[in-house]
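The chain below stands alone and is given as structure tokens, in the form predicted on its own.
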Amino acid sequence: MSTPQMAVLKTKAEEVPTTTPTVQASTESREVLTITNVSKFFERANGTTVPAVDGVSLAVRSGEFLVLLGPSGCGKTTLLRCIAGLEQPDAGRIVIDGKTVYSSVERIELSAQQRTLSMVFQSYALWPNMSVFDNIAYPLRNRKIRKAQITDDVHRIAKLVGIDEVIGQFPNHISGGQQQRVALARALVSGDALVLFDEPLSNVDAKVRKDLRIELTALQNRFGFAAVYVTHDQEDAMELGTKIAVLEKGKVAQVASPREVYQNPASRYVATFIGSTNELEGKVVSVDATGLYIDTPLGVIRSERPHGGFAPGDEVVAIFRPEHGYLTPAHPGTVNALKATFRMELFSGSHAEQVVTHNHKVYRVWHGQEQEHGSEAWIGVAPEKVHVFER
């Protein structure tokens, strides 16, 4: 578990001015974080070496919000800890705000305390015996900031994140959402150009989580700091990120804007990890100038998206999202008509999901009317919405 001492990563008084640039947004756009070919290996009990981070290169500019997204074991937390100085990489280079903090070639490795960044942890890492005010003020006191300046900065940031009314209380007397705001305020009060987030919203309920996403985005827009945010939650990634790096087994599978990652996934892995998908494995039967036809268990499906040089006979998987499909009780008379069996309708508030099956495999679409259980149903989907990847 993270300790409170880990929550403040920059503590050397001689490296900071006697005033702090708190709550002053910067209009300057510059590269705040550069990661070049960073790798980190772990050794298993049987002696084999596992690459937790494998040759990752990324860059984050001021005002950008980079989300590291992926399942457990993909390397996202290890990469974040390498940036923070809590884990030593085995190779590569890390530059923060123009200063090299790690280089395997130059043999440079600055400690966590020497890196100009702040971090918000999943466990909040608040001191239970210190008031909200004192928790927020801790990094400023470590930097020998004047008392009057500390008081002004703490009250200002507390008001911005909506906890000024509880500033004299202790962490165990406030809600989980308020505790998270205290941790966020403590990170922002230092005015560092880079803020790291290690799944900070995972311990709050859905409603508070939604509100905090909005607040965090507004604060990041206001201050203009560069952010690196680790999560396995797709909604966090889509709503917070200006760009998403999807990690797979220590490598970057795709890095792009949330919209680009969702609408134009680079691989089957990315497509199935971001959002819901229907997958149809099959073989390419023909290719023409605008697309290709694939023979699948539900019937022949056509894709009119870039198909990457597939040829007849290639084994592929056709993927489309539930919101792009529609269901009819009779053949829709279109090029893509996939025969299945209706099972149920699931109402989700914003939409009703029609569930169909074929040979015990489940498919979902968002458009169409509920039918009789066990009746014949046809799925239709536009060819331009069908992605095709190698099997």
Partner chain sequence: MTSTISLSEDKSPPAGGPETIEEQAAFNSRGRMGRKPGRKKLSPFNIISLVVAVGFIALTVVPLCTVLMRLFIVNGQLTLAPLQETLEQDILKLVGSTLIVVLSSTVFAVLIGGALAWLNERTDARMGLFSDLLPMIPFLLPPVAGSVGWILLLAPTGGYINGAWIKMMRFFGVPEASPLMDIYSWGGLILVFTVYGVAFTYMMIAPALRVLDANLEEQSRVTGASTMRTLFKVTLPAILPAVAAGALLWVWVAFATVDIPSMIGTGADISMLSQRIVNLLVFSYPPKQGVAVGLSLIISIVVLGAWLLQSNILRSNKFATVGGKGSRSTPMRLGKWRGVARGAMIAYVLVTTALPSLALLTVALTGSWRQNIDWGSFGFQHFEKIFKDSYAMKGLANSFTLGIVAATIVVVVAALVSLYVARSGRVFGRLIDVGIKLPATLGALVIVVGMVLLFTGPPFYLSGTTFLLLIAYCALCLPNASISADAAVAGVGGELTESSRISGASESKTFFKVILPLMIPALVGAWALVFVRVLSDLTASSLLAGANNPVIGFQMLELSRYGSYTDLSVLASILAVVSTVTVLAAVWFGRWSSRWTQAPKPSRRRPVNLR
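In this text, all values refer to a predicted model and were calculated from it rather than measured experimentally. Numbering follows the first chain given and starts at 1.
The following text describes the form predicted in complex with the partner chain, which does not appear among the structures shown.
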So which of Trp127, Tyr269, Phe310, Tyr262 reaches within 4.5 angstroms of the partner chain in the predicted bound form, heavy atom to heavy atom? Trp127
Which of Pro139, Pro200, Gly241, Gly191 has a heavy atom within 4.5 Å of the partner chain in the predicted bound form? Pro139
Verify the contact flag for Asp90: yes if a non-hydrogen atom of it lies within 4.5 Å of a non-hydrogen atom of the partner chain in the predicted bound form, no if not. yes
Heavy atom of Ser118 within 4.5 Å of the partner chain in the predicted bound form: yes
Would Ala84 sit within 4.5 Å of the partner chain in the predicted bound form, counting heavy atoms only? yes
Contact test in the predicted bound form: Thr49 vs the partner chain, heavy atoms, 4.5 Å: yes
Is it the case in the predicted bound form that Ile108, Ala112 and His173 each bring at least one heavy atom within 4.5 Å of the partner chain? yes
Using a 4.5 Å heavy atom cut-off, which of 68 to 76, 210 to 218, 288 to 296, 118 to 126 contacts the partner chain in the predicted bound form? 118 to 126
